[in-house]
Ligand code: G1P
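As a starting point, one isolated chain is supplied in structure tokens, in the form predicted alone.
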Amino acid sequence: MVVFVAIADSLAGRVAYSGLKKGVSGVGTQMKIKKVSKAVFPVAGLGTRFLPATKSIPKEIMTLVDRPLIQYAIDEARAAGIKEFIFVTSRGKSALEDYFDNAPELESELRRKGKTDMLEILKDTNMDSGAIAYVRQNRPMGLGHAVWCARRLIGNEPFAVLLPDDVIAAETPCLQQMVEAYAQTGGNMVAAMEVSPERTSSYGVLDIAEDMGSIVRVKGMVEKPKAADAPSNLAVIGRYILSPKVLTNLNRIKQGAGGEIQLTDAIAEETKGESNVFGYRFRGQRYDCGSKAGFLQATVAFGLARPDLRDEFGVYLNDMVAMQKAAQ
């Protein structure tokens, strides 16, 4: 089981489903909303920011404490009711595929030695036959292109997208929060958090039509705008629930910011017709494990959240801080 950190979040008091129901004008009550049972995991990136480790190890199986990043994403998807897992991969990702396969020799050895606790841990890493599918992205053309590569497996169903780089510590897993909100709104939903103006150039940013607290109705999205051009400071992070119409939009989208096919551009197309794009202010703490600093921050936070580690690790951190202060 994933250890989710309990975060005292300033947004916690903003969740008001009664307000949501009024604000969305009955969107969720006038149409039958299909259950989200498929999720796409774009894992084709080279992970160059973590070289030389990623020369031979896929970034997604780098360990946060004692679990690979991808395990946190899988566990979050499972908690949200996802049953089908679609990985968009590239060359050099065989270790990622092997991670979710059975390991008969290891399991046999653990069983022989009576290490039942370790056998129990391995259960979370095993996936049923047919639960995971793999498709290749043969050229690095951006997140939108990666999701488009999975179109035949998605079919005509709503689907989730999870970016394993974004690890979110929350009492209720982020995607589960979104699925519960999506049951009221339908359409398309992106996870969002407020960032400082100088950081908007690193994110897709929402142009807000209506703010309903935990939910905002979106009238546009801008990919990596300069601070002066940003329509808000509400930034999109790596959790999405999307309608299959977004895949149709991706068929037509040309290269955008950074010379890549941007997923935000395809979602933004949906704001031009119906008002069916929503941002969700999730409750929790997001860590950018695609950066070294973010990965280290997550390691400290998740390490301190572990009952078997927090005492010894906490003492060490306090000693390190004291030594730094003494050195100054």
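Fair warning: this is a prediction, and the values are worked out from it, not measured in the lab. Residues carry their position along the shown sequence, with the first being 1.
Although it is not shown, the form predicted in complex with the ligand is what the next lines describe.
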Every residue of Ser37, Ala80 and Cys174 near the ligand in the predicted complex, heavy atom within 4.5 Å: no
Determine which one of 223-231, 179-187, 105-113, 208-216 lies within 4.5 Å of the ligand in the predicted complex, judging by heavy atom distances; exactly one does. 223-231
Check each of Cys149, Leu163, Ile86, Ile253 and return the one that places a heavy atom within 4.5 angstroms of the ligand in the predicted complex. Leu163
Please tell me whether any heavy atom belonging to Arg286 falls inside 4.5 Å of a heavy atom of the ligand, as the geometry stands in the predicted complex. yes
Check Tyr240 for me: does it contact the ligand in the predicted complex (non-hydrogen atoms, 4.5 angstroms)? yes
Is Pro158 close enough to the ligand in the predicted complex to count, meaning some heavy atom within 4.5 Å? no
Using heavy atoms and a 4.5 Å limit, would one call Ile154 a contact residue for the ligand in the predicted complex? no
